[in-house]
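What follows are structure tokens for two forms of the same protein chain, given separately as structure 1 and structure 2.
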Structure 1
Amino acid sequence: MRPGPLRSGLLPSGLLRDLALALAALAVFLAVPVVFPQPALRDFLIYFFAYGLLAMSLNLLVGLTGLVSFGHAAYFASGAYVFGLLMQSGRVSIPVATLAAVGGTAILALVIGAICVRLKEIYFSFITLAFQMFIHSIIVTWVGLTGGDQGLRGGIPRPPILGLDLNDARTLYGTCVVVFVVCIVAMRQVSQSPFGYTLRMIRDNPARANFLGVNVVLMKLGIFVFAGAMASIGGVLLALFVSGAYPEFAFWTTSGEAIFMIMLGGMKLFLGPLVGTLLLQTLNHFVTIYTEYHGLVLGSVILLIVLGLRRGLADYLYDWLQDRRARRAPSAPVPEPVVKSRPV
């Protein structure tokens, strides 16, 4: 639809701003390895992109639609495995394998989602978890195809795409940056679209959405499939980078971590889950250096934050800043009522 003169102030400017921000982010990420050439930082960022896509796509379900999925890592793993297996077959190029991984995962999410989205709240959480563990058990049991516990072994070949040699670490990094930023922009567009606002309405008042003629089940299924597809791209990036795929990608703890990333980053900002990803990854990075009891530390941190702050770190900061701003402007003629903002 072509925007009319009246709408030109609304939608395109938002889009333009998003694109400008995306280009800036792209430039910053591409500049990082030039300024800080340590390979460790580059590797850290590639992990960040992969898990960031997982957390961001999960937030389309949790924050945007109010569907708390505890089984989102299944799609992350499915992306990694489909991609890895296709590349190992040696018959397809990387873009084709990626498309197939995303398409295959979308179909998987469609089948599982068709069963799950009819269920309410907590029921939805535990059935998505159950399906995820089913996928995990298939991966572990089907040793002939997936390598079972050991994961996909033998490495994933990286044939050049359009003259780009992905075996070069910097080219690989650049490709990951581009894919990551494009996916984030795509998710942003979906969340700002009329579809995205319909999902917010479903989250806040499903009965009203239903009265207005919205097909709630279909809308939920739509975002479930889209989120699954986006998570699979995270899986593809990770598989490409680590040159393999492992059953842990599909284990329930991966989903749990993704949920924690969302909570850490808070749900008030679109990019909140990325903040959470960064925080959790940094934490994991240091914890695994000092102790093998990673779960003990992570569990305690979660309990402290959930019971102590009662919200994510980023939300906490956001509220604190809001409070400060509200207190700084007491001279304003009509003080704005402090509205507890809902997730946007």
Structure 2
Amino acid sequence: MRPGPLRSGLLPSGLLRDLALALAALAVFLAVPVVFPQPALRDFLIYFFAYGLLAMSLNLLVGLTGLVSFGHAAYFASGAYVFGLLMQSGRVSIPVATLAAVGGTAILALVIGAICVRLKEIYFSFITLAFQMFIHSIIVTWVGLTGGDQGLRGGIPRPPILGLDLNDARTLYGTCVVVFVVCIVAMRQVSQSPFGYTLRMIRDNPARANFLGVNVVLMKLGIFVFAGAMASIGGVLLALFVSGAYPEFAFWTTSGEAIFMIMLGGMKLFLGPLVGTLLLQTLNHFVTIYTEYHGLVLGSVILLIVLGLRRGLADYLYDWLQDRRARRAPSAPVPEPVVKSRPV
């Protein structure tokens, strides 16, 4: 395979494009508190960043590899609890606690994934759910360490990072924006790498991938660990924002919400789960304010999109735009048939 075109002899053009889009998104998110100074919007976006990383990391398994995990929230909670416990000890800084949380979660995902990725389809899905509920049970019963049902008590300290005071709401928001954008770029590069295209081949035809010499189990395990690590960063952001960690982070409903985000947004486009995250978080925010029938409204919206559009909202819009462009494109002239005259 020939390498892609290079810009300035250093970086592939696709990476430069992704970096340019990331910088543009970074600028837009950082400008939001300036244009709209309401604290509620800033808080809403931090929730969006945390759960967006959960949904995007899960889609690396569901959409990219074809592994439907029902227990992905376990790594979200692992990142939150490890980070919170280390910060409460008062012995480490925020960057060190974050690296330890991500590394510890990656090891946890490696152990669990080594068992799960050998199974197929529904068996894989349910064993991931079983491991999540096992971790949730540990969180609830180990009261002396985790606080049990009450979660981590006492708050999470926010010492300065490189002179930045994270106790300031705007500074905390800016830090979350930077971490979120960096993680999205990292997941994008993985999905567009040869590793990512190998995962697509495994998703579409695992037997053929195995025939071509691909170590299917090792590839699945690699993306399982990476997805768990990315989910843990979302847990770190949420724990830092709410100044705590709670057993609900590891409950099966959190994994269900991540599945709903992918269903609402779509798994075909890379950023589709973020569209679903925005839609679900908006519904959660406004529906709970105006009515107590949250589950009824949310279920109706999901049914409308799944049964009506038969795909995620982002996927539907993308296909609609592609069809519209195809109709507007000038059709190639059909050559007239050549008629040979018969001899008289």
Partner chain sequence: MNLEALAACLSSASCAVTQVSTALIVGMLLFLVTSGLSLIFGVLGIVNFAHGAFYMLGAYLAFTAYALSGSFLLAMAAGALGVAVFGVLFERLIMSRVYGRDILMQLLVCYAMILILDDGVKLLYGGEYRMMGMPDAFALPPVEIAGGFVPGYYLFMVGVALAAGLALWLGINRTRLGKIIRALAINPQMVGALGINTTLLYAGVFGLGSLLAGMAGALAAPIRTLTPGMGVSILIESFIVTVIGGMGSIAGAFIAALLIGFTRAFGAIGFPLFVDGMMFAIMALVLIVKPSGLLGREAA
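Whichever C-alpha set is largest while still superposing within 1.5 Å between the two forms counts as the rigid core. Each residue is numbered by where it sits in the sequence of structure 1, with counting from 1. Not measured: the values here are computed from a predicted model.
Quick one: identify the form predicted alone, either 1 or 2.
Pick structure 2; the other is not the form predicted alone.
Among F48, S243, P95, H285, determine the one positioned at a hinge; one rigid segment of the chain turns relative to another between structure 1 and structure 2.
Residue at the hinge, from the list: H285.
Which angle, in degrees, describes the smaller rigid part turning against the larger between structure 1 and structure 2?
That works out to a rotation of 9 degrees.
So, with the core fitted, how far does Y293 move at its Cα between structure 1 and structure 2, in angstrom?
Its C-alpha moves by 4.6 Å once the cores are overlaid.
Could the core-superposed CA displacement of L313 between structure 1 and structure 2 be given in angstrom, to one decimal?
Its C-alpha shift, to one decimal, is 2.5 Å.
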